[in-house]
Structures are given as structure tokens and as C-alpha cells.
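In C-alpha cells, the next block holds one chain alone, the form predicted alone.
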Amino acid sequence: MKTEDQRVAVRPLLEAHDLRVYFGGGKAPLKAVDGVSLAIARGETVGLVGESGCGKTTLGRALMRLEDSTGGRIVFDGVDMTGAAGRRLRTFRRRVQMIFQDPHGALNPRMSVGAALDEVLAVARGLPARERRRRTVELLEAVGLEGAYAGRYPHEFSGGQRQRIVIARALAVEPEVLIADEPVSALDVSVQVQILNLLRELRRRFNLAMLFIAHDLAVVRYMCERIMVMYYGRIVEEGPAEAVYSAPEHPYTRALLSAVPDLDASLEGRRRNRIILKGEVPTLGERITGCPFHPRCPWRRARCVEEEPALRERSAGRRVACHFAGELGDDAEPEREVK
């Protein structure tokens, strides 16, 4: 089995280079995605985590070409797809599929499950009727449902079953990349585990690459080999999952992780220091000088207010956008008065 470093060294399957998605014109556009670069190798799962409103979903939609980009490039399997249209774009979207957060809204209530899968198999793959019926049963069974369910309608299923159907529909075109946008956030905890295990199994079975978007770091840790932390439309920390969890270097990552229950600490009678961030996530149209995180950062200093930090490499595969990465103490200092 390839190691993390070996996988990343291979040519990435899906890449973004300085990708930007701005909404509105004038002097203060809403910068939903502001200069994001990423690379996902074949068979690799990369997590994208951050609070609501940070630009995660917009980034996922832009990578699928469902949202127009303002600048930068999207490269798939070595080919620039930024301006692709017509047949090239349709082919790209068959190879890259998206799983949406709301399985109920993603399914047509007037179509049976079998009809929904049949439509994809007919339009995207051009299979004859008999082959489509066979593949429909195979797809349902691949996601843990019975082939006999093909005649049922979405309202006859639970939320977890509907998400399985959405996953089956995505698999119908035999994609190479899945972009999963909060795929379990609308489900009960017990059902979440089932869907996560299903996605892990499907990734191994079909050698899928996956961008897994979530706000729950415990879920991302379970699913992903690498993690990117997003704030205010930008990546502020990136690295191997265990490295980021064991030694987070950006104050925002530290704050997010401090809210994740630590079972080992609880069993040992230790308490994890919770870092409470003051204020709300800034709106993406809000103008902030210096580091975008400085208004909420417990460690902020004068330089943070005046100068925006670059996303720089700290070690192999580890990037952090913080002037003082590696210099922060174990505990958050009292908030400083910064002018």
C-alpha cells in the first residue's frame, strides 16, 4: 500500500491553482473563494473543514464547474478544465461527481428510485434497457439497499436510505472523484456512522479520490488522510490528518480542535482547554486588513493587524498561514489590546 508521501508525489488527479470565486462587482466583491490551491491524488480522501460561511461549499461547486470561477485554474488528470464547455465539460462532470448535503432535495419526488438511476444510465452512459435494469439493481446493492427498492419513491425512504440512493446515482456514471458536501450533517448520529463506513468502503472498492467537506473535525479525522482548514475563503492550514490533529499550528485550527471531545483525556481525568473564539465568522464581503482571523484570535499581535500572512510550507506536506506558527504557547493568552 502506498504511503501518504508516495501518493501525493504522483501526478494529482484533481487540482486547483489560485482559484478565486467572487460575487458582485465594485470595489468590495464578496470573495467566497480567495486564492485556493489544492491537489488530490487518485484514491486519496482530503478533508475540507471550517465553520459555516467560510466558502467550503462554493469551493466544491467551483471544482465541479457548477460555479463560475473569477480567476485561477482547475486541472483534471493533467488537462486544464477551467474554460471547458460542451462535450469536454460533460465528460469532466461524469468523471467528477458531487454528493449534496440534503438527500431529500437532491432527488426528484415524482421519480421512482429505479427511474432516477435509469435516467442517468441512459443519458450519461447510453446503455440499453436490459443493461440499465441490471445496473440499477447492482448500484442499489452496492450501497446496501435491495434491488427490489427500485420501484419505490423517495418519500418512502429514511434520510439515511435517501443518501445511499444519492450515492448510488453518483456512482452510476463510474466517476473517479467524489466531492462530498456535508454528506452526513443532516442525518442522525447512528446513521452518520453507517454512511461514513459506506463511503470508506466504496472509496477502497472503486479507488475513488474524494474531497470530503464538513464542519465536524471528528468526522473528517475518521474519513481523511489529509486535512485543509478554511477560513474567510482561504486555506489557513493543511497537512496530514494525524499531524494536524496532534499538533495544530494555526490558532483557528487549535480553536476548532479544542471543541472536539477527547475520549483519552476524559478517561485519564484530564480536561482539554477549550478556546472560546469571540465574535462571529466575518461575512465574506467584509473588509479586514492584515490576517483575516486576527479579530477573533486570542494570540494576535500588532503584526497580525497590519500584515496578511502567506500560506507557507512548514514541513513536507504541511502549510500554515500564520506569522507565528510554531511559536504559540499551549494556552491562549488573554486577548490583547491591539491598535
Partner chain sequence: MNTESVESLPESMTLWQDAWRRLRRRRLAMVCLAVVGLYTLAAMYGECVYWWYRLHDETPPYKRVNLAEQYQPPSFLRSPFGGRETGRMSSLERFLHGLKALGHHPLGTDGLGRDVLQRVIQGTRIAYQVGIVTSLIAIPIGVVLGCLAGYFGGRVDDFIVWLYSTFACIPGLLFILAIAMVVGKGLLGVYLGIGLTMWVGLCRLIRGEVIKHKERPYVTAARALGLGHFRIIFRHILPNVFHVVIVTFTLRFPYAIGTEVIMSFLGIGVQGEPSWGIMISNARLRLWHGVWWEMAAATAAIFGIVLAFNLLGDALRDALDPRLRTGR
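Numbering follows the first chain given and starts at 1. Quick caveat, the model's predicted, so the values are computed rather than measured.
Although not depicted, the form predicted together with the partner chain is the subject of the following passage.
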Exercise. Of the listed stretches (97-105, 75-83, 127-135, 232-240), which one has a non-hydrogen atom within 4.5 Å of the partner chain in the predicted complex?
Worked result: 97-105
Problem set entry | Selected contact from I288, L66, A310, A28, since only one has a non-hydrogen atom within 4.5 angstroms of the partner chain in the predicted complex | L66
For this session: Report yes if any heavy atom of R164 sits within 4.5 Å of a heavy atom of the partner chain in the predicted complex; otherwise report no.
Result: yes
Problem set entry | Contact flag, R61 vs the partner chain in the predicted complex, heavy atom cut 4.5 Å | yes
Problem set entry | Touches the partner chain in the predicted complex: F157 (any heavy atom, 4.5 Å) | yes
Exercise. Is the gap between R110 and the partner chain in the predicted complex 4.5 Å or less for some heavy atom pair?
Worked result: yes
For this session: Pull the contact list for 186-223: residues with a heavy atom within 4.5 Å of the partner chain in the predicted complex, in sequence order.
Result: Q194, L198, E201
